[in-house]
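In structure tokens, the next block holds one chain alone, the form predicted on its own.
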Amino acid sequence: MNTHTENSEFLNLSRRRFLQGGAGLTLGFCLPTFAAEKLPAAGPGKAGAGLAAPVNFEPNAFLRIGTDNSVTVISKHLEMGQGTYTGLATILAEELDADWSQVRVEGAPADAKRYNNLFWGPAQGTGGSTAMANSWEQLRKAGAAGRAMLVAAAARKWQVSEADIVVSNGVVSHPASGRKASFGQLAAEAAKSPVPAEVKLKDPKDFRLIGKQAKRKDSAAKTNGTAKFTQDVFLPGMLVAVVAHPPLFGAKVKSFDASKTKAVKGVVDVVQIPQGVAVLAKDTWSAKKGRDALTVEWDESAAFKLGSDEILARYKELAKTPGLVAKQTGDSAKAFAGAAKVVRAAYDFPYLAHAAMEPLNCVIQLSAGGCEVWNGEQLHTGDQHALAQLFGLPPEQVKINMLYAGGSFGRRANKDSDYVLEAAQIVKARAGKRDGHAPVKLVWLREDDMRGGYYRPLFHHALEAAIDQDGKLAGWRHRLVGQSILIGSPFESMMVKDGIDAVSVEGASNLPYAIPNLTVDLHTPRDIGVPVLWWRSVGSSHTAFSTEAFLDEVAAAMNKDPLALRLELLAAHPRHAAALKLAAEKAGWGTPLKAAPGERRGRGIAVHESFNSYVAHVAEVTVKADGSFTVDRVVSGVDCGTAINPDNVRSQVEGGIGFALSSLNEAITLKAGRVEQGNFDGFTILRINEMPRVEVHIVPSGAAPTGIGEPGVPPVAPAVANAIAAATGKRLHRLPFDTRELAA
């Protein structure tokens, strides 16, 4: 186990001769002699085992080349299944001219000075589909700098001009003399080269890796079981904690009886913390059995006790009155006053759980030297500062080892650092005990998170459209009611303006369609005590449905083809239009669908921009007489700028489609304040046999890459709803879908 001295050595050496590049690239020599090999096995990252050879060359914060010819790319972003490790490594390896087989990836330590998300200012973290976009130029420059230093080393060694040296597939050569050297053979000499102030980046036409289908760097380890997740961390003397959380949000512990718990074999301790009562044992199962034996009396006097139906009823009442204006163009009142026809619809969205495959977990050890964390870490800086504040430490004494995460969908990027702080509270509660410095692994069972975690907010949307005397779409009013994710969080000052939570209205306030008179307003109830958090694609997860499903209703009222109306209104938005056209063309939009006797078939379309990427889906469905339906095929058109790894882009869109199709059937519901679902039997994510045939087509682009982890999600549900309407003539206005409404 690390001591304070080792931690300090790590931090100090890593920041040696630290320089800040002028264009966002952090450069600096980092002497590689710190004792990484002494650290415990902890997965990817320098805290992990597996450094294959002494390190000789580390030209910047993102690259290390070993004498064994290994090229290690340091990833500042979490790998949670979205392919970040492969994408980031591809960018750097391209400019370095490395051979893909020699490239490996490590997770970066928590260090916002070196590894900040460039879109977030001085904060390190993964979210908002920003990993590739904010690293694009940074990692290209990092790779190019390393390449230039290798070339300079070879030129000195061979006494030739740098201009005559060629680098290709991990080999540095001088064709005129026939000399060649691997990166590893030049590593020691390259470490003597100055860091170049300016580097020349490749012309995209010369890319060998970017735009190709390189093999993922995390697949082998995840296949053979060597990949390290938090649940794989076992430290000497470590205890596993499972917490009894309140059955209602806002309830507190009144008293508890742990006598039966302490009789359970393997249980070591029981402690009260602000979040509930923690049972600590030698393993997860014993901790769970100990918690089952625990008796807790809860004080529910201040708890939240409304059910989902009551919350929704309140929201509908609020929607009858104007909210805070998030967007206003033209004169909507005048447009509606003079309308020849008005179309109205309302849409309801439930709370949703994140339901990642890997349950929440976190390991924390507190020692005289500071705090060390092992976690599928998504918000390094926020968690680092939260822990530092709790323990009274300077942030640099909170060391975070970023491990793989088995999904997140936003749950591990918690604005309140909830489960990380909970683990720390348990550690703190045990201070002073005989084994009070034992590391603690906190495990949330899936039921814990589903019944007492954080959720995508419940929302109600009310829309109306004005069609003028000429049959044109003249006005659009969109009113949203739902809890704010950001108000009351550390992000409020940055992302809430004049009471408008930017993520509540994203996708609605930036509606791309050319509508001359537009009003979007928002009610943000502050008396709902359900914890809410961003969920994959955040606000767009509900605004895309309401806007795209409603536009289809408007098209029907105008007797226009839904695709034709969209293209007519998107004349000023060619990237939306290109994604739409590509999806429609590949799907055979406008061609008839064959239906078996007793079945109804339809095709629906939707397009949405989120995180600066543009995705259109065409869905094909079959609806049976009893109202049950299948989604048979989804065809996608995607513009995410330069596709760094097209195969991964397709995979992310396919995964997003499956994730979004789950939302057609799933909901978190409350009854008298209690969450009714506890696991996948009640929260019905898509089963593998329900996955439709998917075709993903990428719009060719030379633009800088944008996000693709989330943008595939938003247009799925409206495309399916529109397809169902095409098949049945019936519009669905509430998620999850009630198939009884579709019975013939």
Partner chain sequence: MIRLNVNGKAVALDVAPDTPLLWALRDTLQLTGTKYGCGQALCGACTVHLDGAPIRSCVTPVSAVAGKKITTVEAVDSGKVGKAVQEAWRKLDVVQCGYCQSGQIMSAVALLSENRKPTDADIDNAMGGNLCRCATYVRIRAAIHEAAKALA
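These figures come from a predicted structure and were not determined experimentally. Numbering follows the first chain given and starts at 1.
Keep in mind the form predicted together with its partner chain is missing from the figure; the text below concerns it.
- None of 78 to 86, 131 to 139, 609 to 617, 480 to 488 except one has non-hydrogen atoms within 4.5 angstroms of its partner chain in the predicted bound form; the exception is 78 to 86.
- Shown alone here, Phe256 lies farther than 4.5 Å from its partner chain in the predicted bound form, counting heavy atoms only.
- In the predicted bound form, none of the heavy atoms of Val699 sits within 4.5 Å of a heavy atom of its partner chain.
- Proximity of Gly66 to its partner chain in the predicted bound form: non-hydrogen atoms within 4.5 Å are absent; the residue sits far from the partner.
- At the 4.5 Å threshold, heavy atoms of Ala502 stay clear of its partner chain in the predicted bound form, well away from it.
- The candidate site formed by Ala227, Trp285 and Glu654 is fully in contact with its partner chain in the predicted bound form, as each residue has a non-hydrogen atom within 4.5 angstroms of it.
- Screening Asp218, Asp418, Glu396, Asp99 for any heavy atom within 4.5 Å of its partner chain in the predicted bound form leaves a single hit, Asp218.
- Between the options Lys581, Arg446, Arg601, Arg314, the residue in contact with its partner chain in the predicted bound form by a heavy atom within 4.5 angstroms is Arg446.
- In the predicted bound form, its partner chain lies within 4.5 angstroms of at least one heavy atom of each of the following residues of 652 to 687: Gln652, Glu654, Gly655, Gly658, Phe659, Ser662, Glu666, Asn679, Phe680, Asp681, Phe683, Ile685, Leu686, Arg687, in sequence order.
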